[in-house]
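This document starts with one chain, in the form predicted on its own, laid out as structure tokens.
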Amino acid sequence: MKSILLFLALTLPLLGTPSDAVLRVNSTIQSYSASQPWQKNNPRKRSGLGALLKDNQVLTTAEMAANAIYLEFQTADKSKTLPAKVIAIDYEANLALLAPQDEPGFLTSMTVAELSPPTKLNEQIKILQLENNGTALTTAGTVRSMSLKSTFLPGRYFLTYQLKGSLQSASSSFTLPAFRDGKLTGVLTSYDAKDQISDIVAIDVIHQFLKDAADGEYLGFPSLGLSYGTTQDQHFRDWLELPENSGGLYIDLIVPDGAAAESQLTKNDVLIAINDQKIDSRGYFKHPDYGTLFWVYLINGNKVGDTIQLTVIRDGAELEIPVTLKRRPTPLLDSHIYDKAPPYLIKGGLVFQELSVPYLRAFGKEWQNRAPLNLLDVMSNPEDYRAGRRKVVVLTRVVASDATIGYDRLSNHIVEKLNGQPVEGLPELVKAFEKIPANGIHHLETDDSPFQLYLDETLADKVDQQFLKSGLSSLSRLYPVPSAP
């Protein structure tokens, strides 16, 4: 009898969960091939849920809208649909705000979900799912812990609830709204069936995302723009002249064009506090409501343009340094290429691309072991390659042609120079090719044997025309060079 009552308690709609504020979100997703960027992958479908907010806007995850070529809203019972569009999207925080393309349609008859205040440890949350017939299922669970997790992009950490509770098998088990006392308090991004643990993007992150998007010009979450190491080793602490009772993070790199680079922070500083919140030697601090959290919360819990106060130890002395927060600087390697076709250049059978993490991932599940070592080294040590570059241009493959005889087995060479000029990025490479040497032979320098490649402009032009006649839609796809900050 107890098991039946427990099942009913978990699965029947619970008081305080506004199921009529929840709708289905369907997307058709089609991405470009990372290794052959002139081609698209096969489209696929994805379905999840969203919560209706004011102004007929719907909150869901960024994962639902990534590379979407079509988005639609659908009623819980699947009787009506409505084309949708993206208003704001943040892949780092894994949140997206959608709206109807034209008229609001059935949204006007739905209830608008209210946003809850911050949820605390040990409070109860209810996750909502929908059966095929529109019946709402709710799963109640307790917030067991809070931490900073990456729920979509690796290395991007945001406040997340860990909820203990067994989700039921339903037609919607991906991107689920979570409620507390009848108000929206988060969005589920993943569920571990074995341990019955759900990860839920916290309402704090949602509040900040919506506030940023309200003026129609979404800026995103800020970054400090540095890399760091812990200070747990006692010999290292002695060398840094750190007091016995202090924690701190060792700043080993200041990223160009970032917030830290525009402040008085320097390499070898030890960050011991942010806005008077002390950071321990592992990088954690004590939050009054959420417990022990990683220090990044003290950065992305603010907005772009805010000024924060950093306390550092430099040469044994304690200093106060203000820093005005900015967006994350443009990386040497893009961590993702969503909603954008990858750039490329084909010249006489030589295929050039800008190195990115998606390109490395195209080497398969074991890409961290299978991708070329020279390219993996760029990902691991980007600062070693930044000088003179915006992006790392790679000769990814060579198509056998009259212009590439002897080179057809070459692949994944980092391009250093063309005709004696350093290559800053793909647009600059194109401009360099437009300046034809007096002898008509382009001289390409790379990071690996044979190091020197030569390309006859006349032969390359004939090969390019053959490619176009054979059905290739374009020999290049480029984007404007970003203006200097």
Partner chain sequence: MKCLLAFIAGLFLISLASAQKPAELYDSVVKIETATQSYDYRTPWNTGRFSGGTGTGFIIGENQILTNAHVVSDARRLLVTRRGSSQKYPARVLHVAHDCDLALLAVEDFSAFSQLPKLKIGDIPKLESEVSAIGYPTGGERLSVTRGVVSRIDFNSYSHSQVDSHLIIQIDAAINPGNSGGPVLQDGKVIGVAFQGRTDADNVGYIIPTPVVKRFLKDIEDGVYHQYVDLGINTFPLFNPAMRRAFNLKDDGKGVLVSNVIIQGPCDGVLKKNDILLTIDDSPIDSAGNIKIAGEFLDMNEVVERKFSGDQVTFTLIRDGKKMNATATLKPTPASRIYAIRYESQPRYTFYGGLVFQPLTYNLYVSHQFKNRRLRQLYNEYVSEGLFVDREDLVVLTRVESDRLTTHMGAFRGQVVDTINDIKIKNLRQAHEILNAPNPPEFHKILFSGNTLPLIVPSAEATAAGERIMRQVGITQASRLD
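The structure displayed is predicted, hence computed values, not measured ones. Positions refer to the first chain, counted from 1.
Form predicted together with its partner chain: not shown, discussed below.
Residues placing heavy atoms within 4.5 Å of its partner chain in the model of the complex fall in a single listed stretch, namely 441-449, out of 427-435, 46-54, 441-449, 31-39. For the options Leu59, Val423, Ala66, Leu455, the residue carrying a heavy atom within 4.5 angstroms of its partner chain in the model of the complex is Leu455. Proximity to its partner chain in the model of the complex, defined as a heavy atom within 4.5 Å, singles out one entry of Tyr284, Phe106, Tyr338, Tyr385, which is Tyr385. No member of the trio Gly291, Tyr344 and Ser474 reaches its partner chain in the model of the complex with any non-hydrogen atom inside 4.5 Å. By the criterion of a heavy atom within 4.5 Å, Phe236 is counted among the residues contacting its partner chain in the model of the complex.
Using a 4.5 Å cutoff between non-hydrogen atoms, Met379 counts as a contact of its partner chain in the model of the complex. Remark: Asp252 counts among the residues lining its partner chain in the model of the complex, judged by a heavy atom distance of 4.5 Å or less. In the model of the complex, at least one heavy atom of Ala403 sits within 4.5 Å of its partner chain. Shown without its partner, the chain has no residue in segment 129-143 with a non-hydrogen atom within 4.5 angstroms of its partner chain in the model of the complex.
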